[in-house]
Each structure stands twice: as structure tokens, then as C-alpha cells.
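Quick heads-up: it's one chain on its own, the form predicted on its own, in C-alpha cells.
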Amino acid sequence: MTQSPTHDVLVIGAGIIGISTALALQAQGRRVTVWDRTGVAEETSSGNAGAFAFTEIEPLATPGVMKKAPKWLLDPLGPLSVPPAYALKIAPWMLRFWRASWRDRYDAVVKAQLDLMRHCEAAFERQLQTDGDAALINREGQLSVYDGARAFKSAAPIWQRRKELGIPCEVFDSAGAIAEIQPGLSARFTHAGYTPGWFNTRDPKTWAQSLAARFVEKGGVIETKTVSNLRNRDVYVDITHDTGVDSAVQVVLAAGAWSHRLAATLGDQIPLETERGYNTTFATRNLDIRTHITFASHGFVLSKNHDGYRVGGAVELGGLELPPNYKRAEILLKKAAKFMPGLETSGGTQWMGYRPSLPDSLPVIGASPQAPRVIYAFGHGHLGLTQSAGTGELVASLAQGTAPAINLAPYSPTRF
């Protein structure tokens, strides 16, 4: 048993949330060590679309969403699916998901997401000024396209709500207007919504690694270790890992989709599931891609990646153990080729990642009820990159015992 703390603050997880949190803690004068089982941004943070999607305030659980559940089970290659082999295991999570879609919960979640997004957008700009590389950021907006008036009608309330909340956006009802922003799209897309404030990183893995390099440059430590257990002590926390047992004054658990397993060793049961996302990345591009394109009715996006592009998306609620179903990535490519004629879709690299998802689409940001020295920072779904800098600042406030910038009650680990 460890007799005295060997670390000041230990961050478990070197994805974008963990690295951003480490930087924020370091800025408060803390001595920070980061552990990860595979390395910096080697898991989910490496393969996302690279979007800072501060306008995305809609949860996955929207009113009436459960009417679509039978279709999810019948269409394993649809934009949102539950593999039949996983349906029984995910049933308790789906019940919470259904409850989160009720109007009373939904409105509260939208407000909480908006508050978090506003904080995170400002936090990102601060992070960019102090630690980021502006050359890795493209400020080119985002275009959501809809094939026909009927498809857009179902999404119109989302765009109306964004306007009411003061989020800059425009809507279009002609292919010509759409082409002014992004030429080359199929004429089937007659309606669109545009958010000019949206921006992307040239590559999410490179962005995370650049922040990690900055953290190390300022004295931080990053090590490869696999953590298997956390144990609360009176004045510190014991951390069991693959080479022994260490201890820390405080621990931040930011291990993404694997976080709930370590939380369980403390006695906390967090209903975390995984949105398994798929994509294909191409090293070069043969078409003029001017903005991040979201094919809203089809559940996938087309984004720049270095000198190439990435086609990815979809949500497969399938846990951590089922093997990848790369037919999903192939379906997205076939659609992309049809939706943007001339797009080259051969020779790409496929990928599947585990987005950590909670039933109400809000992350867990707060101290463990069983171990106050352990702070949770996980469950951001497909918004981890977007909310990384803001989450880091909020965790640093909790660790320092200062008032956070926003009310953290909606993100509490006890809300379930």
C-alpha cells in the first residue's frame, strides 16, 4: 500500500479532454501527470471529423425519437442503429434515453448544452491564444444540406431555435444559393442551413498532439500506463496500474468510453454507452471543398483533413466488445459519391472509434460522490473536441475549489 502521494494531480486519459484538462490544471500551478494506455490521441480523439461544433445544442434524445427505435433495429446500416446482438444489454440505457427525450428533460438539456457551448467557445479561444497552433484551425463554417422540402421541414425547428438563441445561422431553399457556399453538390439538395461561426481543425490528432507537446514543454509528464483500479483514501487516491500502485492528491478520470469501468471500482455506476462512429480518410482531394458539409438526413459529414478529406459519421450503439462493422463506412462512401459527383472514394483508410455517450447527451463533469478527490470528465459523445477546452477549465476550478464559470448541476455524476 502506498504511504504518501506520489503525484499531485494524475489525469487518466490522454485524449483531447485529458490533455486540455492537464493544460488547464498546469495553468493553475499544479504538478500534473497524464497516463494513457496507448498514448496521446490514439483512441477516439484521433479519428473524428475535426469540428468545433459550438452551434450543436440538440441532444440525440429528441421528443418522439423512440418512435424510430424499431427502424434502428431493422436497419443495421442506417444513420443510427442498435445491433441486434446488443439490444438486450443496452435496454436499461435506452430507457434512460427515452426519459431524456421527454419535453421537460429535453428543454433543460438544450439549455444546459447551450450554457456549456458558450463557455467552451470562449475557453477554446483562450486555449488557442496560450497553447494552440492557429495554423491548424480552418474557420470556414458548416453547411447542413437537406434533400427536399420535406426533409428540411422536419429540421426547421432546430434552425428556428438556433436563431431564437442568438446563434448566427442562415437557411436556403435553392440549389443555387447552396452552390454559392459549396459548389459540386447534387441538385437533390434543395435546402440547407449554414452556420458561419463553425470551424474545424486540419486534423484532430495533430491538434491534440500539439497541445500535448505544449503541456510537456511546460513541465508536464505523459506516460503510457493502463489503470485497472481506483481506491479512495482519506487524503489521497490509490491508483492500481500495470506496473504497480501509485497515489495522487487528486485524480481526473477522462478515459472516454472506458471511464465508467474505472468509476465502478469506486462504487459509482455511470450509465455510459458508446456511439461507435465510422469514417474513411483520404490523403488528397480532387474537388474544391470549401466548408464542413453535413448530410443531415443521412447522418454523416464530409470534412477537410490535412490535404485530403474525411467521410464519416453515423451512430451505432454497440458497446466496446462487438467487432467493427465496416460496411457502415462503405455505405457512407457510396452515399458521398452520389451526393457529391466526382468525389474520389477509392484508396482511403477506414477507422472506427468509440464516442462516450450518456443518455441525455450531456457529459459528466464533477467529483465522484464516493471519492471527492476524483473528478470525472467524460461522456461528451461526439462533442469531445468541441467541449475540451471548456471542460478543462471547469475541472481545474473544481480541483482548486473555486467557483466554476457555469452551474455544473446539469452535468453532475449523481443526476442519474
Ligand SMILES: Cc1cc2nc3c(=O)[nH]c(=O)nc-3n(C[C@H](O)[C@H](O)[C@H](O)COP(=O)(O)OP(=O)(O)OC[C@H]3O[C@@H](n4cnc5c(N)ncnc54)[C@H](O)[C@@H]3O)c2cc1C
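Start at 1 with the first residue shown and count on from there. Only a predicted model underlies this, so the values are computations on that prediction, with no experimental measurement involved.
What comes next is about the form predicted together with the ligand, which does not appear here.
Partner contacts here mean any heavy atom within 4.5 Å of the ligand in the predicted complex, and among 136-144, 108-116, 81-89, 218-226 they occur only in 218-226. Taking the partner from elsewhere, residue 28 is found to have every heavy atom lying beyond 4.5 Å of the ligand in the predicted complex. By the criterion of a heavy atom within 4.5 Å, residue 382 is counted among the residues contacting the ligand in the predicted complex. Although the partner is absent from this view, residue 12 contacts the ligand in the predicted complex, with a non-hydrogen atom inside 4.5 angstroms. Taking the partner from the other structure, the ligand in the predicted complex has no heavy atom within 4.5 Å of any heavy atom of residue 362.
Contact with the ligand in the predicted complex, judged by any heavy atom within 4.5 Å, is made by just one of 302, 255, 211, 237: 255. With the partner omitted here, the residue from 262, 192, 293, 248 that has a non-hydrogen atom within 4.5 angstroms of the ligand in the predicted complex is 262. Taking a 4.5 Å heavy atom cutoff to the ligand in the predicted complex, the contacting residues in 43-66 are 43, 44, 45, 48, 49, 50, 51.
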